[in-house]
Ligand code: NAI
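Only one chain is shown below, in structure tokens, and it's the form predicted on its own.
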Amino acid sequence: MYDVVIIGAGPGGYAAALYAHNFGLNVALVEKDDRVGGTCLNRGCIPAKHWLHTAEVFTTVQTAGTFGVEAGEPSLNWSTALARKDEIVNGLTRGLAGLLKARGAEIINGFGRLDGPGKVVVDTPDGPRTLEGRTVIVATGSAPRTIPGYEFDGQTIVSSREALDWETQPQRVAIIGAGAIGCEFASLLADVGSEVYLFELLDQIVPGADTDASKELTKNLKRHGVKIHTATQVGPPQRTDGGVVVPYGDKSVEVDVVLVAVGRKPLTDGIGLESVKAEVERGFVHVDLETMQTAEPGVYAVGDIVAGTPQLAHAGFAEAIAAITHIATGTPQPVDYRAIPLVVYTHPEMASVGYTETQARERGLDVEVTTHGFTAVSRAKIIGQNRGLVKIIAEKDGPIVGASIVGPQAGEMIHELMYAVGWEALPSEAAAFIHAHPTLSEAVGETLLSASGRSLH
């Protein structure tokens, strides 16, 4: 009898297994793939950020002459970059497997499914195996969605999974869906010289992001060569000898490959949720967000399959901690979803936390909005990346409730605003702390000063 049986070894599952060690819990971790890490580590976040960094290095060399460094015109050895991606991923998965074993988690390879409360049947390479647990955590993750007519064939119509393993650089790419994944691929491909068309059905890229931040990112991606079409619906693809024709409106474009990035669906089919009292809607599992427990006592769900929560690896980490804490202590430790940062790793990056201006006003909050650009930020000018903005949303005479950053290293800078939102800091309280000069974070400091009613520059 295990204390916890976990189905799925992605971020939510492996984080639960690791955190359980703090309470001395006996854990079985079931994973259908031949290695741990899930989508994020093997075919998502980590390999994608490798490719984005490769594009950043390429553009750095390409613009080196403006800094007086004569490096010549760069060329990208795609196969070398691909091999480095594999090396990084393989090293991290080996390290994670070793850490899990060191923490006492038993890793069981096979497809796991619930067979009633506290029971998980695993189809292992050696045959079925039944595990019994005092509790079960379901963390089976998600997979790419597609749209009618654009079914994945792995060659000319692909998901992000295949795109991360392209053996050669595609020269002409249409990307359908301008969420975080679509925008990141558009950014990296345009930076290394591909012709990129980005289509979005809604009226802005990164739907749900702050409007001003989205507009700023749109300008920057266009400046890098991405051809963006928002409020645009694509028609059925037409395959040709030269690739794929993608129609939109009364126009069309021919490309080598189409990347469909319209979101991700939960992987909950066939995992036995019907054998317990869990409530499932369109594949997503409803939980008590105080504990991550489903309607079936002792059965928990974390990560991308949870209804109404962000499909982010770090959200999965936090949900895993909440679930294990409740299992071990009986005490709720709920996730503060309001203070979870979202980062889009484009060039430049976009990051946000808390409410957007629109969300705050929809909730009836009387807010004041303050923005500050990177134009005159010394460090940004030094590195040649002084486009973008910081935007802070605060209640009138009240705390900071949201923030967005578009600019260099936005994903790193958003964290001080994460604390401000999470701790409900007043702008004047946050502005009292001094930012080092010259740094990129001074843009945040300047915005906080302005938000407190006493701007400096």
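The numbering used is simple: start at 1 and walk along the sequence shown. Source: prediction; values computed, not measured.
What comes next is about the form predicted in complex with this ligand, which is not displayed.
Heavy atoms within 4.5 Å of this ligand in the model of the complex belong, among the stretches 186 to 194, 261 to 269, 317 to 325, 248 to 256, to residues of 261 to 269. Taking non-hydrogen atoms only, V353 never approaches this ligand to within 4.5 angstroms in the model of the complex. Under a 4.5 angstroms non-hydrogen atom cutoff, this ligand in the model of the complex has G179 among its neighbouring residues. Taking the partner from the other structure, this ligand in the model of the complex has a heavy atom within 4.5 Å of a heavy atom of V344. Mapping the unseen interface onto this chain, P207 counts among the residues with a heavy atom inside 4.5 Å of this ligand in the model of the complex. The contact residue chosen from L312, L100, I340, A163 relative to this ligand in the model of the complex is L312, the criterion being a non-hydrogen atom within 4.5 angstroms. Proximity to this ligand in the model of the complex, defined as a heavy atom within 4.5 Å, holds among L202, V369, I88, L365 only for L202. No residues of 72 to 111 lie near this ligand in the model of the complex, the criterion being any heavy atom within 4.5 Å.
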